Every structure is written in structure tokens, then in C-alpha cells.
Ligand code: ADP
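Next up is one chain by itself, shown in C-alpha cells, the form predicted alone.
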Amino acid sequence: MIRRAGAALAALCVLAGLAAVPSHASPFALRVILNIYFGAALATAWSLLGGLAGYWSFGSSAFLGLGAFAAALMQEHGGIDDSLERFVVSVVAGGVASGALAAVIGYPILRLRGAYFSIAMLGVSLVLGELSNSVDLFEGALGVTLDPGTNLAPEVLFYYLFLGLAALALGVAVMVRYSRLGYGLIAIREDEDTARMLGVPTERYKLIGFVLSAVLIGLTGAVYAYSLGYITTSWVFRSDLSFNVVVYSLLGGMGTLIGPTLGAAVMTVLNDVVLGGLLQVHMMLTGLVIIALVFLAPNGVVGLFRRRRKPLSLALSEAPAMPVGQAPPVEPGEPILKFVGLVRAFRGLRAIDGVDLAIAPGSITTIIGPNGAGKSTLFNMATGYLAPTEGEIWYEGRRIDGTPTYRINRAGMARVFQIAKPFHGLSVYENVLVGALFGCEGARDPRKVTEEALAFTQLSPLAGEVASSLPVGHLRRLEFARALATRPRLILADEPCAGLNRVETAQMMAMLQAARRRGATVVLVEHDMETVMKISDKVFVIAAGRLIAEGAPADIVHCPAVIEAYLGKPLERLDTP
């Protein structure tokens, strides 16, 4: 609380100092600073989706131009007599129009990823530009005159307006970044599929970020139109502005809060001050400087000040607590997870072919089988990544096939992936916090849950480390800790010991057994039969997509069908639990 109050006070002092600039700066300096604010407002607004969620748009001018023309139409046809009221309402109309467009196109266009989304947004910008140029209502070809109707000097008025917009965009970015929404957007950026498995409602969160970004860009576009005084289609639907905001964010630090502002300042000073008088070679020198900056600071200006620390070595010991969800009442003998006649076909090939399987609550169950048998496909269907071609999936007495992945996670089912999928740009603590924020529903303290999961996996000393710096063994623990933070009642662990040495494998098995003792049901996919024999209550054997055997570990290893399909020969010595 004290830190927040201090930060707020410092921000107010900075704003007060910036507010005094017009009375001391020359007209040229004022114009340069105004351009910095304009670029900072646009880039920060763009970064709400592009920086946090990783959805880069090359069509920001769609919202900028729409905001400009919406303000112009409101001024011309709004019927408001008072000049100040008309100006304010027109600017607000620009933001509302852009937000409304984002809400309408958001669901279909956000289903695209990567370059497809970027190019699609560029197309939206081109379409809107053509409409404003061709439809008589917009008068984009002839141009529209805008007048704020105030007696304040234009350079001073728009200095304060763009300062306010930059401050507003940064304030919204700060609130979003450290909110549940912000962590959800960052999780989407790092790995959208994993975010969904941790309970993040990805489609909804992307749409919220998209609309927020559009509203702020629309507001900026409306004020920009008034600052120009006269607009045409070519003046506001500008592709160069769309690309500039991306450059600002990259140079300052993609996904950071202050990065877009730093990037806008660097590029504006470079263009308007340093290279402003070299018209003949201006573009060439600008390009060379950008290339140099990218090589010297690949993570942006902000990245130059980040500290890098070496990971520590840890030893596993008994943990005092583990977050576990409270399961609803289950009838005696009723399985916690059940597959009924499950089939999954890929273009005629049946990866899963009529599997019936039931997992007893409170057990450790292992699914084994040769590579390509369909084990991971079962997990993918149970967690909603894949829909069954035929059959049913039941969890805690409810049918869940067709249920979105994030809802399945919130119902108490967590997954540990075969290949660790950390959110590389987040710290160990933040990785686990994402699971705590979006996991199993119910009253809880996310930070307490996070600390418990870290303590259980003995990762507390590494809480501040960036996940990308961890070795394989610690990444496995992080994967498990993040799953635990969702407060699961059922843990699906797909080869959790892959890549671990014997000591680390024993430690992972100890954690899985401890999880079971604290109330969680565990289902493993595992290849190491020694591990299977030691830890499993029951074993299911899958081969060619079919269930060929099930039973106690000691019985399975002597089953002729299992020996033929998987083991090759019976085990001479059994280490049963």
C-alpha cells in the first residue's frame, strides 16, 4: 500500500511538471513533445493487445481513422450548440465508435493468430479507408473541417489533450497489467493453449483487450483529427501510423508498460530533431539507426535494465501444504473420470477406437502403451483440446465432452504436459500465480495458494527467477506447481519424469504420492515400468487406440497381450507398491 501511494504521488509530481512545460518551451520543442505524447498514446493503447497478449495488429489506423471521422460526423450532425460540449461529445463518439467496431469484428478476427491476424487487421483498415473515401456521408474524398471551438492557443490545447491521452493510456495499461485480466493476456501471449488449460477464458479476454485498445486509439484519433483541423481519408487512414506504433513498442520494450512511451520518444526525437535537417538521407539514416538499436537492445530500451540471475539448485523435502480443491460428493464406487465408447478419428485413422475406462477417486492410475498408441489423445479429449468423434466423457458425474478447456480446468481438472510449457517471460512466482488466479472456482487467496504450491514443490527460493532461466528439472517442478495452484481434484500428468535423472524422477514420484495423500486423484502416462510398478494402484494398457488390458501392476506385466504389444517379455522382478 505504501509503495502504491508513493508511486501515485510520483506520477502526480511528473504530471505537474509536464503540465508546466508549455509556459517554458519554445514552439518547436512543444511540437516535438506533443508528437511524443501522440505516439505514446497510440503505442500504449496498441500494446494492450499487441504487447500483453501478443496479437500484433498492422491495422491500428482502422480505429484511428474511424475515431477521427466519427468525431467529424458528430460535430456536423450531432445538433449540439455549445462548442465545448460539442467538442467533448465528438471526441467521446470517436472512442465509442472504435470500441463498437472492435466488439463487432473481435470474435471472428481474434480466432486468427500470428501473421494472419496482423494481415486481417491491415485489411480492415484498407476497407474502412475505402468506405470513408467512397461513401458520401463521410466526405473522406473532399475532406472535413473540425474546430474545437475554444479560445486556448491550439498548440497549448493539444499539448494538454495529448498529454492527457498518453496518461490515460498508461494508467489503463498499469491497471490492466497487474489485474487478473493482465495476467490472463500475458498467459495468452506466452502460450495460448496452456493458458486455456490453466482456466484462462482466452476468447473473452482477447476481446476485452481488443475493445479497450480500440477505444483508446479511437479517442486519440478524434483528438488527432481536431489537431489537424481538416481531415481526408489519406490523412487518418495511414498505414505508416499503424507500423509506427509497432516500432515504438519494439524499440521501447515489447509488453512493458513504459516501453511504448520510450520508443515513441526515441523515434520522435530521432526523426524531428537529430535527423530532421537531413532530408536527402533522412529515411536511410533512420533505418540504419533502428537496425543498430535492435542489435544493441533486442529486448528494447527497458530490456537493458533488466537483471539476469543464475538459477539455484534445490533439494526436495516434505512440504507442509498443498492447495487442493474441494470435491463435490461422489457416490461410493462412482469413478471421478470415465470414458464411454470413446472414439477419435483423424481423417479416417482411429487414434482412439472404442475405449471404455474408469478412474477411481483418490487413486494413482497409470496409462501405458507404445508410442502412438493414443495415450496423449485421451488426455487431449479429457481436457477439451480435442472433441471425441464418438462416445462420452464423464467427470465427477457430469458429462464434459464439448465443454471448453478453461471450464474443465475450473471444475478441478489440471494437466501436466509432456513437454514443459512455462510462460518464459514471467517469473516462477507469476507462472504459478496465473494458475492460482484462474484455477478451480471457490473462495481463495491467490497469493497464498501460489506460495503453498511453490513450497510444496520446493521452488520458493526461485520465485523471482525468470522461467526461461530454469534447467529441465526445475521446469518440471514449475509445471507441476502451476497445475497444483489451480487447486485440482484430478491431475493428468503426461510423462512428468521425461528428461529427469533417477534422483529427480524419485522426487517427482514423491510429489505425486504426496498429492494423492492430500486428496488429489492422479492419472499418469508413463513409460518407465519400474516407476509404474512402484507408484500405481491400477494400470490401463492402450495399443493401437484400443484398451487391451487393465488391472493391478503385478497382473499387467504377466498379461500375454501386454507382453506382445508393449513389454516384449515379462519382467523378472516386480517391485510392487
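We number the residues from 1 along the sequence you see. Since we're looking at a predicted model, the values are computed, not measured.
The same protein also has a form predicted together with this ligand, omitted here; what follows describes it.
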Task: 4.5 angstroms heavy atom contact with this ligand in the predicted bound form for residue 349 - done: yes
Task: Touches this ligand in the predicted bound form: residue 132 (any heavy atom, 4.5 Å) - done: no
Open item on the list: Can you tell me whether residue 487 touches this ligand? I mean in the predicted bound form, with a 4.5 angstroms heavy atom cut-off.
Closed with: no
Task: Contact flag, residue 373 vs this ligand in the predicted bound form, heavy atom cut 4.5 Å - done: yes
TODO: Select from the listed residues 256, 75, 377, 125 the one whose heavy atoms reach within 4.5 Å of this ligand in the predicted bound form.
DONE: 377
Open item on the list: Counting any non-hydrogen atom inside 4.5 Å, which residue from 418, 389, 202, 427 sits next to this ligand in the predicted bound form?
Closed with: 418
- [ ] Just one of 365 to 373, 263 to 271, 155 to 163, 247 to 255 has residues with a heavy atom within 4.5 Å of this ligand in the predicted bound form, so point it out.
- [x] 365 to 373
